[in-house]
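A lone chain, given as structure tokens: the form predicted alone.
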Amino acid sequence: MNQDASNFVQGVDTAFVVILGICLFFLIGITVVMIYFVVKYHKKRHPKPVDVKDNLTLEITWTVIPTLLVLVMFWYGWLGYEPMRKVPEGALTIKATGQMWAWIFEYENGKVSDNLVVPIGKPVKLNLSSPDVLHSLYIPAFRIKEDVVPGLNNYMWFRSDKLGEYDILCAEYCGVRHSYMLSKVIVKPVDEYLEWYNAPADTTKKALPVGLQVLQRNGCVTCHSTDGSKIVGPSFKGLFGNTSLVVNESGDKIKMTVDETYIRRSIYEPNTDLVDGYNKGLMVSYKDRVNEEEIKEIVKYLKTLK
């Protein structure tokens, strides 16, 4: 017996099939009637046009039937949607942050992951947030999608009874690297999930410089490369200690040395002194997400990228 990837698959697919079936019925029906009328009322058969009088029965029929069909589509749609807004008690709560251009998942014990790891058979609630622009968390295999709106508290939930990995996409155009905003839902057996959940930080990540870990955790490397290549923002490679041509708030172009003060201002006030040639407004302030100690670690890491 095949298991659905999530508890919402059957309801959503049923609504889709019902709506698709009604649409196909009318597509075929209207096409057949149109061809019939074209043939029956062709000019050769009726060279002299005549008025067609009203038909009360016909008018009632074509009003009542579509109304009933719309109500049927609404009913099946509601049956699929209504459970999505009722989160079961005891659901595992995870904070899901969408930002340009990455997904970040934070668990109740403080663990952070760029993939959504969940236990099989357990309800999971995602509290959705965005620090920058509008995103939309979409898991096609689970048949769920919810907007992630800056300043708005939103949520979604699901339960998966099938082990495996499933794609997470952003379904709302959010900028030039929208199509790269990819992640995974990894459904594990409960014991494996608990082992992962309670395990210390990944030893591979532990070996990484703290500053790089901060940059990765906040999605900075999705816009700023570390190898010199140009993405959306200036590359981190060779940045620290060099002179950059920037556009200040007055619109004047000035040269500034990239030092610790410059790095701090770029993180806290990213649109104050913008590097010439880059678009204003793409980066938001990280003042509430990166503290002074982390900035020092970032500076320490940038110094190594000569």
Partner chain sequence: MIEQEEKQKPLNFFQDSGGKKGILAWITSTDHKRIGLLYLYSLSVFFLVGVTLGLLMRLELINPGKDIVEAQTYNGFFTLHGVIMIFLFVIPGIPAVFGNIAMPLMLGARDVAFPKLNLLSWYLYIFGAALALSTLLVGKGAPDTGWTFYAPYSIKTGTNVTMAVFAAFILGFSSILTGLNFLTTIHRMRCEGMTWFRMPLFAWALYATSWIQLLATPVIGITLLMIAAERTLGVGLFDPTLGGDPILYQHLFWIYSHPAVYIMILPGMGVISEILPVFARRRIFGYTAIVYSSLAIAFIGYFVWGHHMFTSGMSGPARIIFSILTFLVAIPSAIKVFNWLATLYKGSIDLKPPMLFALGFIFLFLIGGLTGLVSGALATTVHLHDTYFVVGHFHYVMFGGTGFAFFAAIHYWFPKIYGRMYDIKAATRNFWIIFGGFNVLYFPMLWAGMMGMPRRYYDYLPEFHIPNIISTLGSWIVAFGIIMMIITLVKGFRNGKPVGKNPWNALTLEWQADSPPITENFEELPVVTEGPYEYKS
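Computed from a prediction, not measured in an experiment: that's the story for all the values here. Superpose the two forms; the largest set of C-alphas matching within 1.5 Å is the rigid core. Residue numbers count along the first chain shown, from 1.
The protein also exists as the form predicted together with the partner chain; that form is not presented, and the subsequent description refers to it.
Relative to the partner chain in the predicted bound form, residues 107, 197 and 295 are all farther than 4.5 Å at every heavy atom. In the predicted bound form, the partner chain sits within 4.5 Å of a heavy atom belonging to residue 170. Mapping the unseen interface onto this chain, residue 144 counts among the residues with a heavy atom inside 4.5 Å of the partner chain in the predicted bound form. By the criterion of a heavy atom within 4.5 Å, residue 151 is counted among the residues contacting the partner chain in the predicted bound form. Contact annotation for residue 55: at least one heavy atom lies within 4.5 Å of the partner chain in the predicted bound form. Partner contacts here mean any heavy atom within 4.5 Å of the partner chain in the predicted bound form, and among 152-160, 109-117, 89-97, 208-216 they occur only in 152-160. Shown without its partner, the chain has 173, 174, 175, 176, 178, 179, 180, 182 in segment 173-190 as residues with a non-hydrogen atom within 4.5 angstroms of the partner chain in the predicted bound form. The rigid-core alignment places the CA of residue 28 2 Å or more apart between the shown form and the other one.
Taking the rigid core as fixed, one finds a CA shift for residue 245 smaller than 2 Å between the shown form and the other one.
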